[in-house]
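There is one chain below, alone, in structure tokens, taken in the form predicted alone.
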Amino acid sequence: MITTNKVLAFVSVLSLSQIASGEDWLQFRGNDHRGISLKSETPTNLSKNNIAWKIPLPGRGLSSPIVIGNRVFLTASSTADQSRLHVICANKDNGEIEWERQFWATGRTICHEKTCVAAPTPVSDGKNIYALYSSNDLICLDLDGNLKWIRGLMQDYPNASNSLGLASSPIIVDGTLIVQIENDSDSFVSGINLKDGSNIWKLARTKKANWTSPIRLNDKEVAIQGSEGITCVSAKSGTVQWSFNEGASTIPSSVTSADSAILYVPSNGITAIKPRKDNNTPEIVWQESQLRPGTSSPIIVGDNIYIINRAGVLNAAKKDTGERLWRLRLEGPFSGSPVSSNGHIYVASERKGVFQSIDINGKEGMLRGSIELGETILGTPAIANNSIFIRSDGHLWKISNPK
């Protein structure tokens, strides 16, 4: 006999699985950390008619929005020293603020003037929001804004900081929250218990400032990028699986192919590496020094890899060989990373916030439209439910096809 409790439990599990569907955008650069939405019919020929709504935000923030069901979540930091931490929930359809929670920072809030304390993007497992700040405050809230737990990592590790600020975004892999805190003093990466914020494991890292984020390789493993290269670890245990020791960028993060067989690392331009069974050193598939990214992380769409260099030029190359196919100059410069859906790449320039749509279906890339949002944009857009969400310090915009 099926009891009422069992039915309710099944409905609850079903609801959570629907909440964390592919239409959501649960972390920095999307659910699989590749920056792609496979389902959304996003607008292509951009114009101001595509602005569905615009809402004001408090303080400052570089973090990307994340989208869960009918809600958009993002973080901010306010006051002169950015010691006031915000988690904000807005209705996806109309932009109305459903709730906002504020906390005092417990760690250092010193940052370079270009960045801010709310630089890391929050992450969700579909049930809770996990927000990390440059002050090393880690906060867990449920989707209705109720506090589940809070942890001041700097209370445990007082030297885990630098004078420029931290920006690495946490991710969730195999039921474990992966937090990468790398700086010039006490650098580490930890697997955090989702239930209470305690350490499951902790690994020491190179003492050097690093703003890259962990990369999900598959359902069990995470790649940790730093100045010395890539270290692959088990998400559950922190056990090192393999290492690539030829160095890597400390700003743009790596990206995987759709099948996770190849990892494309910002190293000596771009280096494509493939893990080998029973070998601690991955195979170098190809290396191309001319594909050197600027601040933006690379993105892979279909058979190609796309890189925006320091000059604001979008480069397309074959993902299998690194052979360059075409180049397209965009209106830059860029700090945020590109995202993609509906056969297009989307990216916002730092100055004037020029949000651009690039058609990548043909032999050459083609700019299909742009919207000048008129504010400095340093963050990466999010895509969900046929819409694009992008933020500046001052505002959050929803970009979609007019009804």
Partner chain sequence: MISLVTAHYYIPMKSLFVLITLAINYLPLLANQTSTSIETILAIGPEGKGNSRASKAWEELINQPDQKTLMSIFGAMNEAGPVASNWLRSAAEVVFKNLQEDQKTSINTLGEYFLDKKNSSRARRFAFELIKRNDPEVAAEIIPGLLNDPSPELRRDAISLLIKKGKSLEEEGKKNSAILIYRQALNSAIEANQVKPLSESLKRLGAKVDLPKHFGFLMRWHSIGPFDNTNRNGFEKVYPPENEINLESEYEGKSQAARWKQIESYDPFGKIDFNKPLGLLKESVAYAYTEFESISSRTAELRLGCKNAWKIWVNGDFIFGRDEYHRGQKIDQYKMNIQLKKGKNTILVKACQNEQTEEWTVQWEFQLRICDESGVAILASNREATPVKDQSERRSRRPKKS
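Positions refer to the first chain, counted from 1. Just so it is clear, the structure is predicted and the values come from calculations on it, not from any experiment.
This protein has a second form, the form predicted in complex with the partner chain, left out of what is shown; the following refers to that one.
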_Triplet Gly343, Glu350 and Leu367 all within 4.5 Å of the partner chain in the predicted bound form via a heavy atom_ = no
*Contact residue in the predicted bound form, from Thr239, Thr321, Asn245, Gln102 (heavy atom within 4.5 Å of the partner chain)*: Gln102
*Listed residue (Gly95, Gly152, Gly126, Gly269) with a non-hydrogen atom within 4.5 angstroms of the partner chain in the predicted bound form*: Gly152
*Determine which one of 228 to 236, 289 to 297, 156 to 164, 169 to 177 lies within 4.5 Å of the partner chain in the predicted bound form, judging by heavy atom distances; exactly one does.*
156 to 164
_Taking the partner chain as it sits in the predicted bound form, is Asn146 in contact with it (heavy atom to heavy atom, 4.5 Å or less)?_
yes
_Taking any heavy atom pair closer than or equal to 4.5 Å as contact, tell me whether Ala209 reaches the partner chain in the predicted bound form._
yes
*Is Lys220 close to the partner chain in the predicted bound form, meaning a heavy atom pair under 4.5 Å apart or at it?*
no
_the partner chain contact at Glu283 in the predicted bound form, heavy atom, 4.5 Å_ = no
*Contact set, 105 to 127 vs the partner chain in the predicted bound form - heavy atom within 4.5 angstroms*: Ala105, Thr106, Arg108, Ile110
